[in-house]
Every structure is written in structure tokens, then in C-alpha cells.
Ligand SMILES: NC(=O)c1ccc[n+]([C@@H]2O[C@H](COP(=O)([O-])OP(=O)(O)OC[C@H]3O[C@@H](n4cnc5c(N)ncnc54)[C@H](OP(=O)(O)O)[C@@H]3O)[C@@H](O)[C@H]2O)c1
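Take a look at this one chain, the form predicted on its own, written out in C-alpha cells.
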């Protein structure tokens, strides 16, 4: 599969390494049009290329967005049309600035991104796991219920299945928290599953209790 990575920070770079190791082709972008990514691309062993944000979005069948949430409106809408987009962002007011509709609980950061990328099939995911754990805790030898959980949420069941397969291919288990609105809320900063080391079995128990 072709995967675009928007953002080359901790989550984006780590995901790029894992996806390339799983055999996928990866295009990694940054705010400098791909400049400065030579070392990362070399690590990907022929499975990766540097790209601009628009190029990476157009390249990917799946596109992982891992840039500060406050910059979401800078993403080029048309380039994401029809793509399965994985929203790995979280809203941090101290970094992103204040968004009144988020502070008031009227909507979620993923819903705002989905509204901006109106032609995309958006799935929230990869936003509740520390990048060091993402790099180290995947284990394809474990049965799914014993693997570290990566939570997903969305309104497009086909898109969620695609993302779940990718999660499993890199050694984790996808745990569905529901719709983009309600499921997305269950993954936000400060929730019982945020940045918690949970197996899929444990995650199901936590979700059923909250």
C-alpha cells in the first residue's frame, strides 16, 4: 500500500519506519517541502521518499496526519479527496492556541479536521500512544487481544477496517471507540485511555466501564 505521512516529527517518523518495515511504500513530508529528511529516508531502505505535503497526500492511499492541530487549516483540501486519512492529532491549547468550539465542548478536533478535509474518509487514530511505545511495543507474535491497543474512531466503516489492518500489520491491535464524534471524545487528552499502556483486552474493559 502507498502511505503518505504528513509531518516528520516523533509520531510521523516512527510510523513511517513501521509502515516501511511492514512492506508499504511511504512518502514523508514536512513544512520544508521534504528538505532535511535525508537521514530518515535512508532508514526506510528504498521504501520511502521525501515529499511536499501536497505530494505526500496525493501519493497515499492512506494518509497519516501528524502535525500540530492548530495548523490543520493549512492542509491542501483537494489533495486529500477520497483518501483514508488517519488523524493522529490532539488539541493542546498551550501549543495550538484556543479554539472556542473545542473549549466549549461543541465539537472535537477530529470533526474540525474532517470538516476541513471534506472529501476525505477520516479515522482518528495513533493519537493516544507515546511515540517511544509506538516504536517498541508492537509485537506480531502476540494474539490480538494481548497486543498493545491503538484506538480508532470514525464514521466510515471501510476506512476503519483499512486502518485496523495497518495497525495489526505493525504489531498492535486496533480497538474501535465508535463514531468520530463520540468515539473521538473517548480518545481525547485526559480520558481513561489516553497514553495508557493497555492491551486490547484491557482496553475493552476500560471502555465498557467508562
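Residue numbers count along the first chain shown, from 1. Quick caveat, the model's predicted, so the values are computed rather than measured.
The following text describes the form predicted together with the named molecule, which does not appear among the structures shown.
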Find out whether any non-hydrogen atom of residue 74 is located within 4.5 angstroms of the named molecule in the model of the complex, and reply yes or no. yes
Report whether the minimum heavy atom distance between residue 59 and the named molecule in the model of the complex is within 4.5 Å. no
Indicate whether the named molecule has at least one heavy atom within 4.5 Å of a heavy atom of residue 30 in the model of the complex. yes
With heavy atoms only and a cut-off of 4.5 Å, decide whether residue 127 touches the named molecule in the model of the complex. yes
The one option of 79, 88, 114, 84 with any heavy atom within 4.5 Å of the named molecule in the model of the complex is 88
Could you tell me which one of 41, 180, 174, 53 places a heavy atom within 4.5 Å of the named molecule in the model of the complex? 53
Only one of 43-51, 65-73, 144-152, 160-168 sits within 4.5 Å of the named molecule in the model of the complex by heavy atom distance, namely 65-73
Could you run down 1-20 and flag each residue that has a heavy atom within 4.5 Å of the named molecule in the model of the complex? 6, 7, 8, 9, 10, 11, 12
